[in-house]
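Just the one chain here, the form predicted on its own, laid out as structure tokens.
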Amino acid sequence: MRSAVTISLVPEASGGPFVFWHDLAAGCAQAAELGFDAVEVFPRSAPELDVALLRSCLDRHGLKLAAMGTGAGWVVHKLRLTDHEEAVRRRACAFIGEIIDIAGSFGAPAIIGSMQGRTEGGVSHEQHLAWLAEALDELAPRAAEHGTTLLIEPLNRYETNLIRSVADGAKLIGSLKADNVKLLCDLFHMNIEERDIAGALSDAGRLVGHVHFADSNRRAVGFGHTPMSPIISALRRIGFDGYLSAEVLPLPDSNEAARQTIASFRACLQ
């Protein structure tokens, strides 16, 4: 398992659970100085991301790109894959597709979390799931062209009523034609939705493609009360060799959140 830390380039998401903010070069430099293996980047959009700068920063500091988020599609542009308007769904797919291409050029997956949307407006839950599955089956081959995966992230009940649990995500993946969609298992969301976090990870097995390494209060691991030993044991049992990535609040500040994360990562994996 490898370590990663988040960098948000989305001003509209200020106050959200990302460690480093606004400055890609500075975030990469700090991540490397602390000993992280990779960064997870959240761009405002594909056209607005300075891809040459990202590549230069990763190369200069010996970092990898762990994943790339698509959440700005919802936060900034109000796009969802399950919007009732077909034209909006099409724009949502186009937005994600452009990010898949950039992430894929670095050998990294793209994340679909908030852009999954939610059941609302008198349209059935089943129809929303059908729209989501249709979008994933359209987008996943684009990731496959780059030899990478597409990640779907179950979110807690306060953020969606669509894919909330690991079991929900696994069921959705099982309904797809695509075979390169995996789960992003966020320990903060799991702390709310799962009866047994380690058990849910064990049940998901090889479907686990990425982990957001966060404590119960969405702060860096060690600043909350989630017991990590059974979680790490479960990840080892299923052969998970991906990233534990800190999508956490920058508290008490970004540097301290990052330092606490890497210290906890090393302690958990020793």
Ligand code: LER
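From 1 onward, residues are counted along the sequence shown. Everything quoted here is computed from the prediction, not taken from an experiment.
Absent from the display: the form predicted in complex with the ligand. The rest refers to it.
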item: Stretch from 191-199, 101-109, 125-133, 149-157 whose residues place a heavy atom within 4.5 Å of the ligand in the predicted complex; value: 149-157
item: Contact residue in the predicted complex, chosen from K64, R44, H61, R218 - any heavy atom within 4.5 Å of the ligand; value: R218
item: Any non-hydrogen atom of G117 within 4.5 angstroms of the ligand in the predicted complex; value: no
item: Partner proximity in the predicted complex: G113 to the ligand, non-hydrogen atom cutoff 4.5 Å; value: yes
item: Contacts with the ligand in the predicted complex - residues in 239-268 whose heavy atoms fall within 4.5 Å; value: E247
